[in-house]
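Next up: a single chain in structure tokens, the form predicted on its own.
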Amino acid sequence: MKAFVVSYGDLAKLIDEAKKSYTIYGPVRKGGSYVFSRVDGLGDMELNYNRTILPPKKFFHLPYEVLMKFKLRDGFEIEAEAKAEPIMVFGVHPCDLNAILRLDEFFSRKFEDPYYLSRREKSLIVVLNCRGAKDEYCFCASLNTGPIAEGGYDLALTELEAGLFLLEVGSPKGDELVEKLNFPKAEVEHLEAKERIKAYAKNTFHRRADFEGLVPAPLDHPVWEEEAKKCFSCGTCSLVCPTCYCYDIYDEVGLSLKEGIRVRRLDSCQLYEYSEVALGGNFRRERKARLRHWMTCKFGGAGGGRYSSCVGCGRCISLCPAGIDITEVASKLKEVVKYA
């Protein structure tokens, strides 16, 4: 693996070089929060951010997209093309990177989704490793999805000291970009410094999660009723989650009834209509059933029990209007599972 030592000014040069081939997106402040937004340069970004409202998933699994256009004339005409522009997403936290890698697996597991994959193929991800927990909501360390990325990135940055970064190359695309800039190569001392930062960072997390053995989750535990009384079923948790992939597909037909579009839109299993079927049947009519389903998915249901689909970013906790905490629910369930 190639590694370099770069200054803040070098990072600005990296962005300028990338702009020749990519549209650049990075974390910017929006009120008291942060969002990934288009930027012109490094100075537009806020690198010391805790988390963005929406994860970088939004660039690949779009909240709303037109899959195809169709026309009814002498026959049935379809216009469907997976279009994507080259983008660089700069400053992605390791937890969000791991979420993208899990989405990569989902969208190519049994059926390759051309829309998602075309956007991923034209993207370049620059990870910004965390020197510690960003706030009290982070718990990636207990799920091994942070605070340092172990792979899957194009480029990775670790701040060794104020204004000095270790830049590691993780893919041919990243290598192609960096080789034009003649950055000084990293020495052993810089790699050792990163390892010390990694060891320190793991001990800064106060919130932890243990999901092992929670799939299937105990169905009749009183915690579901307790949390459901607080839950609004608003769907915020799944809409801000970096690994939730559920969507709805429907057709919109024009007034002439001769043309229309097929749309894909993000959906949430927390919404009543999500599990509604023909003639008004609903498999998860009760709020606690929907809450339980979503959390079981995060515990490992979505990963087939092989891994948790939660990456510990803390968005669902920090943004939940009811104050529901998935780590506290898991802790209560573990007490039952432990002695079962």
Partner chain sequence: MGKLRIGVFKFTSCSGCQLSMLRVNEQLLNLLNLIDIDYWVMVSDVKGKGPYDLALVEGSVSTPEEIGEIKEIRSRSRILVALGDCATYGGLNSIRNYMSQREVEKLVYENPTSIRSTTVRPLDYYVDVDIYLSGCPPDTSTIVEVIKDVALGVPPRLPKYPVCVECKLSENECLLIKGEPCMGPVIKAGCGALCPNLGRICEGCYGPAVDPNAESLLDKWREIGLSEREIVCKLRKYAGLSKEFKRWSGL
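Numbering follows the first chain given and starts at 1. Computed from a prediction, not measured in an experiment: that's the story for all the values here.
There is another form of this protein, the form predicted in complex with the partner chain, and it is not shown here; the text below is about that form.
The partner chain in the predicted complex comes within 4.5 Å of a heavy atom belonging to C231. In the predicted complex, S21 stays away from the partner chain, with no heavy atom inside 4.5 Å.
Taking non-hydrogen atoms only, S142 never approaches the partner chain to within 4.5 angstroms in the predicted complex. For the chain shown alone, T236 is a contact residue for the partner chain in the predicted complex, at least one non-hydrogen atom being within 4.5 angstroms. Heavy atoms within 4.5 Å of the partner chain in the predicted complex are found in one stretch of 260-268, 185-193, 77-85, 112-120, which is 260-268. Proximity of D248, R290 and S318 to the partner chain in the predicted complex is complete: all three residues have a non-hydrogen atom within 4.5 angstroms. Though the partner chain is absent from this view, in the predicted complex it lies within 4.5 Å of a heavy atom of just one residue from V89, C130, L177, V240, which is V240. Counting a residue when any of its non-hydrogen atoms is within 4.5 Å of the partner chain in the predicted complex, the hits in 38-65 run I53, L54, K58, P63.
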